[in-house]
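One chain is shown next in structure tokens, namely the form predicted alone.
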Amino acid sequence: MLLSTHSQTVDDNYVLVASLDNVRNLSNILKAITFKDHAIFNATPNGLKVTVEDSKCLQANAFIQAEIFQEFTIKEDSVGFQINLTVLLDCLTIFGGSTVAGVTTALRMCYNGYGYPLTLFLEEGGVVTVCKINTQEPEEPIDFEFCSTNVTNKVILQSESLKEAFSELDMTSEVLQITMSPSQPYFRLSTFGNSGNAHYDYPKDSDMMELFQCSKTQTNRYRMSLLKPSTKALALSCKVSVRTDSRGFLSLQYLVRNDDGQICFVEYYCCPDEEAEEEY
């Protein structure tokens, strides 16, 4: 990899350096949370957390552990900045995101600290491109206060079964209703669209159900427009954890395997739709 020859003396100036032999291991997971232009990056010695939010109703987080990177060097306990995610993805895929066997784009990502741009060195087939993207001071992400001790219901499903449900439900519906219960229907997805009401039920002993932990019956509605971005993460994932807390807030946690078989996580938080509760 040519980028490994990049001057060590230059690296000494950076507060964050992260290298990947295959840029798709970063770009694919960022695509799963791209529904607004701007994202908040927060790096710690454990890895990278990227957050995207919409109207204080929806939050998506991508977690890329430090072990995913071939090199991950951070000189502070925490390094944060805000960046245009659309521009970043355009740069990461500047070589076209090749899927040809044996052809990968290598990445070296460097950040010099507050006020400096994020510098990307991308190399494919001996050609190196350098991109510099302006950064901003990060806003404080919304704290959805989604605490595991307040989780009332949780199921873990094979992603294929959830993809199948979304293909059968009426996506013209303004809301998706989720019912989780210790008794029948156990786990039900409902829509109320142009073609009428539709329900999709999962038996708790289904082969597609890896875990079923429901302590009380809960029915909540969520705006379909807020949930649609999460289908990008669903398409990449192999498992999904669906959790609701005592307030009806929803957590969708997707387990994603990258090109090298390593595991990353994408999590979406969504608040319940109180207007819909009154309408139906």
Partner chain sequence: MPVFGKAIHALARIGDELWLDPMVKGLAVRSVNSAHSAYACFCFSPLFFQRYCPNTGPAGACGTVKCKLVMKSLLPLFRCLATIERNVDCCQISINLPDNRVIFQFHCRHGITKTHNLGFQESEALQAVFSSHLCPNVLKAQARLLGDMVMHFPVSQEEITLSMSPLRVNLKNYYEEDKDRIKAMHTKMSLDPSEFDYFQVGVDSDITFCLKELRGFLSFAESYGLPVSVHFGAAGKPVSFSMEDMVLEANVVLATLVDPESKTLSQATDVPPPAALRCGGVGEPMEKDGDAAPPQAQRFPSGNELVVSSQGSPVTGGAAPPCVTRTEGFDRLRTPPQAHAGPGITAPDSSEVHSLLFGAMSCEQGFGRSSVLPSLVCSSDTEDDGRL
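Numbering follows the first chain given and starts at 1. Just so we're clear, the structure is a prediction, and the values are computed from it rather than from any experiment.
Another form, the form predicted together with the partner chain, is not on view; read the next lines as being about it.
Query raised in the report: Asn25, Glu71 and Glu76: each with a heavy atom within 4.5 Å of the partner chain in the predicted bound form?
Result: Not one of the three qualifies.
Report task. Examine Ser161 and determine whether its closest non-hydrogen atom to the partner chain in the predicted bound form is within 4.5 angstroms. Result -> Ser161: contacts the partner chain in the predicted bound form.
Requested in this report: Could you confirm whether Asp201 comes within 4.5 Å of the partner chain in the predicted bound form, counting heavy atoms only?
Outcome: The answer is yes: Asp201 has a heavy atom within 4.5 Å of the partner chain.
Report task. Look up in the predicted bound form whether Glu139 has a non-hydrogen atom within 4.5 angstroms of the partner chain, and give yes or no. Result -> Glu139 lies outside the contact set for the partner chain.
Query raised in the report: Heavy atom to heavy atom, is Gly96 within 4.5 Å of the partner chain in the predicted bound form?
Result: No, no contact at 4.5 Å.
Requested in this report: Consider the chain as shown here, without its partner, and state which of Met171, Val130, Met208, Ile133 has a heavy atom within 4.5 Å of the partner chain in the predicted bound form.
Outcome: Spelling it out, the residue with a heavy atom inside the cut-off is Met208.
Query raised in the report: Which listed residue (Gln82, Asn150, Asn197, Thr86) meets the criterion of a heavy atom within 4.5 Å of the partner chain in the predicted bound form?
Result: That would be Asn197.
Query - Stretch from 188 to 196, 175 to 183, 88 to 96, 112 to 120 whose residues place a heavy atom within 4.5 Å of the partner chain in the predicted bound form - result: One stretch meets the cut-off, namely 188 to 196.
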